[in-house]
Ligand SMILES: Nc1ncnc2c1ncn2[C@@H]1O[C@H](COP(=O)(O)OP(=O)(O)OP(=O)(O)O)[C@@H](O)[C@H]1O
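Next up: just one chain, as structure tokens, the form predicted alone.
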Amino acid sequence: MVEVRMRQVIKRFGPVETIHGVDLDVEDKEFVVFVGPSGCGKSTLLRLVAGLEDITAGDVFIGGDKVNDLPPAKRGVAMVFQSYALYPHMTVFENMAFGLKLAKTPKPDIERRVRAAAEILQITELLDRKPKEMSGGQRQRVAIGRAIVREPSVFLFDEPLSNLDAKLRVQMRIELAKLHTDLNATMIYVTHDQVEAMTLADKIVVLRDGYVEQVGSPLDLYRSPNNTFVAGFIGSPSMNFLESTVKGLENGSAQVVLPGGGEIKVNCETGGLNAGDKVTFGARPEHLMESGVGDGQIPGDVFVVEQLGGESYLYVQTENKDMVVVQAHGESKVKRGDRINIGLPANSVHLFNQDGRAVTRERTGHPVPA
């Protein structure tokens, strides 16, 4: 059992506090992704686990042992960085074996570990090549292989795919997911790309300005974001936000005014709401209906149509001059300049109060766009 526990972890660089009292549990064999915008503290938090940065306050435990004062080599972790950092004059085999040689690992063990890692990563035929003779994706596999041969308790990845092109990133995401299954290991992965987070993670940790905003499974964060920051960060394209007003309240529901004068009844906990309150109305592009079918409608003019083959994105300007993105079928006949009514299924609507916190909803299901 190799869990990673963080208890009230704080990091300061001089007088500036960048990590603010983080409490977090990474369970044995779990794939956890730290996600957030640049500068949110995700890489710093990973480096605190690795021992590459000193903790200012709080504790980090790996496998039940407190590791605050242990050097990186003694923590049982292996880290893969954004940069491949391969030795150009060494072959793939020599690059993967280098750390083991420094640790005076017996040659038969080195041979076994390197070849086993190469087989997992499907780079056996590359072992005699040098880095300049390989593609970026192959070099990243070698960097991952260098971590695998150490047989660590925990793998740490710091944006390992950010140097790859879009197509190769998709391929490597699939390979990393398979690698997690094959190794059955605990992994912590840092990225600013929420698509990577959604496709790889068992659990996502959303960070902003050194604070943990929300922790949960990808679908938990997608369906029930705690606030507008998480709601806007998780999901691609991001959630549409519109300023609105509560017209009236009933037991377990709020009547909300829509742009254009329409209304929609949203099932939610109304304890913190009052008639006349300003709220932020949220709806994801994939839950909106270009046909106008739904429990409420928003009229608007189509400003741009992005046709991507299997799907289209309609950029619609409402009467309030807000831009709403609607995911439509790839064969949609809607054209730029058309006026449409956007349909809203009530059970897909999110409400946020004036502080940006989510109003808890009561829903029976999640809609599937027509």
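Note that this is a predicted model, so its numbers are computed, not measured. Don't overthink the numbering: it's just position in the shown sequence, from 1.
Separately, the form predicted in complex with this ligand exists; it is not shown, and the next lines address it.
E159 is the sole member of E159, E290, E196, E213 with a non-hydrogen atom lying within 4.5 angstroms of this ligand in the predicted bound form. In the predicted bound form, this ligand lies farther than 4.5 Å from every heavy atom of V324.
Not displayed here, this ligand is approached by P37 to within 4.5 Å at the level of heavy atoms in the predicted bound form. G51 falls outside the set of residues with a heavy atom inside 4.5 Å of this ligand in the predicted bound form. The closest heavy atom approach of N353 to this ligand in the predicted bound form falls outside 4.5 Å. The candidate stretches are 40 to 48, 60 to 68, 329 to 337, 300 to 308, and the one lying within 4.5 Å of this ligand in the predicted bound form by heavy atoms is 40 to 48.
In the predicted bound form, just one residue of 2 to 17 lies within 4.5 Å of this ligand by at least one heavy atom: F13.
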